[in-house]
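The form predicted on its own is given below as one chain in structure tokens.
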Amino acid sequence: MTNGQPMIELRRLYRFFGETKANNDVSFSVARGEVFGFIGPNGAGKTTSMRILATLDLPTYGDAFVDGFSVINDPDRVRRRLGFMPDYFGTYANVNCAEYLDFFARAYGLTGADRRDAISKTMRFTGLDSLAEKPTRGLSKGMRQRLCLGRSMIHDPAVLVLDEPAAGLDPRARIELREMIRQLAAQGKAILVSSHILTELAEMCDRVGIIEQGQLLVTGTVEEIQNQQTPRSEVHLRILGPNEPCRVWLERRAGVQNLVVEGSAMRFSHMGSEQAQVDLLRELVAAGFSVVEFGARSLSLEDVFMQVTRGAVQ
């Protein structure tokens, strides 16, 4: 791989199923050591994109690349460089954790000491050392997700594609999984992860992309995407005295929208920057209003998701 070349790249990717456009001109890239969050409602095209990257499906048009190799022209090279964690846990009857990982290590062509070292390293990383002899059917949901992650990384791939890895996990298991993903990124792996738990992605991902009806609507860091939206924040205000004069004053100010009076407090959307909010507070005090509370909350990733998407399905 040459310097600057992305580890994951989708180039104008289309995938049609009859009249349904599961992917409709999707393009983005993920760099080495980066965690990219793939966000969208059910049926948006996330899993289709991931299956194409994992060489489990072929695009109708366009191409996808892993470490510079095309999923169409070089699928074998792609498979050696990519680990795929699907949104379901595939297992086998009467197999324990060590045997499960051993099966996949052999499938990737690992032999002898290399295979044993890979299994040992993977079990240590995922915290499954003490469960080596435990049957996979007896694992909790969290431990199954750890084992599934171990399966995807047993051959030490440069790229990981994780489809809903935190689905159904309790809070502790989600936090531990998030920490493992960040550790893998720190080792230089490029990671593409989809999830419906947007607060997790906001904390874990370097960049995110939002997809709906097969089209990529926006990409960037969470902060960049937040700053592209209007309004940019919601302000909560409480003053001493009657609200009505302050309400009238605020409605005349540029950047103030959706003003709502809630008992002794007021809430409104603000279009300006943080400096503009500072200026607004200063002007409120200068106008003679006794400000008791003034708090601004930036749009969360969930807020942005609701603004960018329309709830459309196909």
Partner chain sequence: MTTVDGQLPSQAQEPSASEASAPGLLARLDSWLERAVDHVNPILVKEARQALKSRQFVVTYSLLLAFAWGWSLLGIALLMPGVYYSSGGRFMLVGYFLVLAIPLLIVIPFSAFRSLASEREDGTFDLLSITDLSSRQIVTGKMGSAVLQMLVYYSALSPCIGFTYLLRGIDIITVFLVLGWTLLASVMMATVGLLAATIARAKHWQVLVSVVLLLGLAFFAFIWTYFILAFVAMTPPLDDISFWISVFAVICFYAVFIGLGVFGAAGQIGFTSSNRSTRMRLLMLLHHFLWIGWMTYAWVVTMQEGALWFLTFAGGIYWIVMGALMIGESGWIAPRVRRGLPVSYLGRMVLTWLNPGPGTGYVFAVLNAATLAVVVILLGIVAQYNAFRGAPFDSGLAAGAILGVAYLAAYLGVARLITLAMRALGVQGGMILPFVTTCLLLVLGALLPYFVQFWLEGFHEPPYSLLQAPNWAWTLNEVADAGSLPGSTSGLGFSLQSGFVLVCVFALVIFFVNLVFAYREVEQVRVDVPDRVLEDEQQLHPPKVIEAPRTSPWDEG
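Positions refer to the first chain, counted from 1. Bear in mind that the values here come from a model prediction, so they are computed numbers and not experimental data.
Keep in mind that the form predicted in complex with its partner chain is missing from the display, and what follows is about it.
Participant: Looking at K134, H236, R77, R207 here, can you tell me which has any non-hydrogen atom within 4.5 angstroms of its partner chain in the model of the complex?
Facilitator: It is R77.
Participant: Does the 4.5 Å heavy atom contact test between F69 and its partner chain in the model of the complex come out positive?
Facilitator: Judged by the heavy-atom cut-off of 4.5 Å, F69 is in contact with its partner chain in the model of the complex.
Participant: Does A54 reach its partner chain in the model of the complex, with heavy atoms at most 4.5 Å apart?
Facilitator: Yes, contact at 4.5 Å.
Participant: Might L240 be said to contact its partner chain in the model of the complex, defining contact as any heavy atom within 4.5 Å?
Facilitator: Contact with its partner chain, no.
Participant: Can you tell me whether G127 touches its partner chain? I mean in the model of the complex, with a 4.5 angstroms heavy atom cut-off.
Facilitator: Although its partner chain is absent here, G127 would touch it in the model of the complex, with heavy atoms inside 4.5 Å.
Participant: Of these, 215-223, 147-155, 190-198, 240-248, which stretch puts a heavy atom within 4.5 angstroms of its partner chain in the model of the complex?
Facilitator: Comparing against its partner chain in the model of the complex, the contact stretch is 147-155.
Participant: For its partner chain, considered in the model of the complex: do all three of E203, R267 and F294 come within 4.5 Å of it, counting heavy atoms only?
Facilitator: Verified in the model of the complex; spot residues all out of contact, no.
Participant: Give, in sequence order, every residue of 173-188 that has a heavy atom within 4.5 Å of its partner chain in the model of the complex, or say none if there are no such residues.
Facilitator: If the 4.5 Å heavy-atom criterion is applied to its partner chain in the model of the complex, 173-188 yields E176, E179, M180, Q183, L184, Q187.
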